[in-house]
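A single chain, nothing else alongside it, follows as structure tokens in the form predicted alone.
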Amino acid sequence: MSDPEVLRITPDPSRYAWTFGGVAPLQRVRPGTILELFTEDCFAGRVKSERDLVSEVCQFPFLNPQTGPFYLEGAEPGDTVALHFVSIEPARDWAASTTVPLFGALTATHLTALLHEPLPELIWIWELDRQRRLCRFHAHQGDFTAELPMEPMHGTVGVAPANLEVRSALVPDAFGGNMDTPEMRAGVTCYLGVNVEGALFSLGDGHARQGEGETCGVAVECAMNTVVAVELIKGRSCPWPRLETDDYLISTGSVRPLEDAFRIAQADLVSWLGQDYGLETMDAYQLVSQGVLSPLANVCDTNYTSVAKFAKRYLPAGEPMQGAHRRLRQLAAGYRG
């Protein structure tokens, strides 16, 4: 196998995308390309200390800067983009997390109106030990510290939406976007249905780690150096973002209320087993019901995101999504970064 084409892109901050859709392409790429990308954190690098309150150093809605969009040659509506995360590595030895007034799962928001005062706005700076793969927490009150495993991921991955829509990079939906699932890590292939010519895919919002549900609304946010291998699946649609690992198939759903996000993810997984493994719908429904894992992604964004995860070892022989994950793993094996 010949060496893949490799493009290294560190965008000037003036070229960050703040939406999915409505932005001119940053770069044209061909299927089979490997991208070496720098992505800034969700605060655009402005939160560097406990004194840098988001309300003072950031300007809403300019949060979650995206690297991209990339125009994928040959991509047309009805196709699917496959993005394989070869590696995701923090670009700095620190990361930031916050509480934001009127945002998060355990406070009043503009959609959940309550009479209590907003929770305080606080900043935590996490130390990242990249050699030991640890994230170090320091409590505001007292001298308590804790070390949690570093599990780098991307909160936002998406394409331009359908129907001429332009959506904030803070929103998850059928086009992908701010799904905030810890499943979006190295070794994973993400499938996104193409809605416009060229697909126009972007990514950003790196997290050194995040708990399931992203309860306070903010993860351990950090800039990332990320390597992504790109493929195009012609003539195969993907109604909701899907992920594939060596061991699991994963469907996502993003909407409010949470139970409908759950239903979307579960129903898409049932459909996927029918498409690629030949299972009749009711058989797939029964199998998924008894074997599925359903971790939460986020319960704080404009839309909530639920995940449906099923182990491949329980399935008959098959090539999910026309074997794209397998081919991308092979492509990544030839990468000499």
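Don't overthink the numbering: it's just position in the shown sequence, from 1. All values reported here derive from a predicted model rather than from experimental measurement.
There is also a form predicted together with another copy of the chain; it is not shown, and the following applies to it.
Another copy of the chain is not drawn, but in the model of the complex it has no heavy atom within 4.5 Å of residue 132. A residue is said to contact a partner when one of its heavy atoms sits within 4.5 Å of a partner heavy atom; residue 105 meets this definition for another copy of the chain in the model of the complex. Among residues of the shown chain, residue 281 is one whose heavy atoms approach another copy of the chain to within 4.5 Å in the model of the complex.
Taking non-hydrogen atoms only, residue 316 approaches another copy of the chain to within 4.5 angstroms in the model of the complex. Interface residue among 47, 26, 37, 299 relative to another copy of the chain in the model of the complex, by the heavy atom within 4.5 Å criterion: 299. Only one of the listed residues (197, 165, 127, 89) places a non-hydrogen atom within 4.5 angstroms of another copy of the chain in the model of the complex, and that residue is 165. With another copy of the chain left out of view, the stretch that reaches within 4.5 Å of it through heavy atoms in the model of the complex is, among 197-205, 71-79, 144-152, 222-230, 144-152. Here the marked residues 7, 11 and 234 all miss another copy of the chain in the model of the complex; none has a heavy atom within 4.5 angstroms. Taking another copy of the chain as it sits in the model of the complex, the stretch 102-131 comes within 4.5 angstroms of it through a non-hydrogen atom at 104, 105, 106, 107, 108, 110, 111, 112, 113, 114, 115, 116, 117, 118, 119, 120, 122, 124, 126.
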